[in-house]
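This document opens with one chain alone, in structure tokens, the form predicted alone.
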Amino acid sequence: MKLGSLEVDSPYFLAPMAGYTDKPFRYICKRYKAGLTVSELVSVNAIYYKNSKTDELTQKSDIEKPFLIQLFGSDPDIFLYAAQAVEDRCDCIDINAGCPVTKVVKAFAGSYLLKDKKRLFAIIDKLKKHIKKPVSIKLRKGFDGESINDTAFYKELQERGIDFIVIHPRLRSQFFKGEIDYGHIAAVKEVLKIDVVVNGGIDSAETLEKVKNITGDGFFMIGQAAIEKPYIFEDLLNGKDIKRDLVFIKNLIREHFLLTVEYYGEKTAVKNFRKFFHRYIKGVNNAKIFKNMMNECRDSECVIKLIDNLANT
């Protein structure tokens, strides 16, 4: 199937999430049939000023196809510079116009661009003129209650050459809580010819069916739920939620941790993996005790022993 000009083998995608969608985690999700993966949010200014961490953020696994690099920034020229710098590392450049984080908004980037559409259009025009790869945009339904995106805005994005759109149908002012307006996406899909990807609140095959009843079939992007269960993509493809036993979860945690060690080295991996471990063991007996023990681990041996002990609870 095709998303714009990109070939995808599943309509269920992994959403970009700062601090989570690094190379090891994206590999895990891709192995569980995520149809598309996206880098963590990458600052165009960081690329322009040659921050060494941007190289890490834009690396991908061999199995990541297609792979998007998501950029955020406010200056059209710097945005173009950054996009050209990473274009050969990905299959599509994604513009972030949805991040609600205060420091991003204060930099006139992320969801702020929904208040400054002239700036957003200038970024799009620069990329479409000079970038050979497809250009997509991930955004919210508006900045606040007084600036909800109308159909004319979405048509303008289409006319300026955006290849596909990902919509999280909350306002910036809602951050990650409150009602999710899937009806907004349904209305947008009615008026556009390009693909519109639904993002936000999909945490199971059961929920997906409810969302589809509003938005119709198509493409869907999964974020928070994938952190706890990266196998959700398999469940969505099968149309059925399957509860995995503790042995499965233990093996998954071990695989993910070892990939993290291989990528970052032991010291950094142990520290970075804590947030994943905490999410994986949600609902496990004595989870709080295991979380505290994980926080005390300083080497791989400690983490592996802790994972093994999960099966004994």
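The first residue of the shown sequence is 1; numbering continues from there. As the structure is a computational prediction, the values presented were derived from the model and not from experiment.
Just so it is clear, the following notes concern the form predicted together with a small molecule, a form of the same protein that is not shown.
Using a 4.5 angstroms threshold between heavy atoms, Lys138 counts as touching the small molecule in the predicted bound form.
Contact check for Thr215: every heavy atom lies farther than 4.5 Å from the small molecule in the predicted bound form. Remark: Val261 does not count among the residues lining the small molecule in the predicted bound form, judged by a heavy atom distance of 4.5 Å or less. The small molecule is not drawn, but in the predicted bound form it has a heavy atom within 4.5 Å of Pro16. Comment: the small molecule is not present in this chain, but in the predicted bound form one of Leu236, Ile185, Ala82, Ile222 has a heavy atom within 4.5 Å of it, namely Ile222.
This chain appears without its partner; in the predicted bound form, the one residue of Pro230, Pro134, Gly142, Gly200 with a heavy atom within 4.5 Å of the small molecule is Gly200. With the small molecule left out of view, the stretch that reaches within 4.5 Å of it through heavy atoms in the predicted bound form is, among 266 to 274, 281 to 289, 248 to 256, 37 to 45, 37 to 45. Against the small molecule in the predicted bound form, the set Phe25, Thr54 and Thr58 makes no contact: no member has a heavy atom within 4.5 Å.
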